[in-house]
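Only one chain is included here, represented as structure tokens and corresponding to the form predicted on its own.
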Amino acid sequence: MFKAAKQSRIFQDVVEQIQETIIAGKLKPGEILPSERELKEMLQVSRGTLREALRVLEQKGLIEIKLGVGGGAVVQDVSYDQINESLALLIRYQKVSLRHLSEFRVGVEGRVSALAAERATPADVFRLKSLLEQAHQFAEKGSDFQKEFVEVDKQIHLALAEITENPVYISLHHTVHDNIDHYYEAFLVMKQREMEENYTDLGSIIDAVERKDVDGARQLAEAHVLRFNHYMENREK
């Protein structure tokens, strides 16, 4: 399964060998890596080097180290959380500017809405309309329900991504919308007017999705992102 690690970059080689074995599917989620003794012999590395490499693999989410009888390094199933951890940290610590975030979201949100218009089933449209009705109720109650409104807004964007059935778009949407609150809190004023405008935008997008208007859904989603990013950029100045 493994071969002697290259001594010139021994630690990195150990990590890469085990990582590639997992990615290639030679070790499945739930399976346990060979014992520490066996790995040391196969890789021809010290105990310290092996343990350090295993810790790095655990931090990457590729394995979980379980202690005790029957324990060991257990292969984990990769989730979107692990894949997008770096992007999430960039967003949460605001290392991505509003302009950069807007450029990214315009393209992604537009494409997702277009695909949703192309692929949505009647059940998908019913789900979107149900969420839109929740957004309407919170918008009518006013700015005291801003957090609730923003949460439903997030669920609508995630629902559109899920309609695409594309795991990349779904993953990216989760990462962005799970972490974008920091920007909203710092730069977005979501009073009654903004809530109503946001609700109107979402309703127009969902209507385009229901009518299978691919280009319309894309353009509406792009305009929606640009409008609210403009509000945030003005407050940032």
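As the structure is a prediction and not an experimental result, all values here were calculated from the model. Here, rigid core means the biggest group of C-alpha atoms that superpose within 1.5 Å across both forms. We number the residues from 1 along the sequence you see.
One more form of this protein exists, namely the form predicted in complex with the DNA; it is left out here, but the text below deals with it.
Contact check for residue 178: no non-hydrogen atom falls within 4.5 Å of the DNA in the model of the complex. The DNA is not shown here, but in the model of the complex it comes within 4.5 Å of a heavy atom of residue 73. When contacts are judged by a 4.5 Å heavy atom cut-off, residue 212 does not count as touching the DNA in the model of the complex. In the model of the complex, the DNA sits beyond 4.5 Å of every heavy atom of residue 197. Note that among 170-178, 50-58, 200-208, 22-30, the stretch whose heavy atoms approach the DNA to within 4.5 Å in the model of the complex is 50-58. Annotation: Cα of residue 214 displaced by less than 2 Å between this form and the one not shown, core superposition.
The two forms, fitted on the rigid core, differ between this form and the one not shown by less than 2 Å at the CA of residue 168. Remark: with the core as the superposition reference, the CA shift of residue 66 between this form and the one not shown reaches 2 Å or more.
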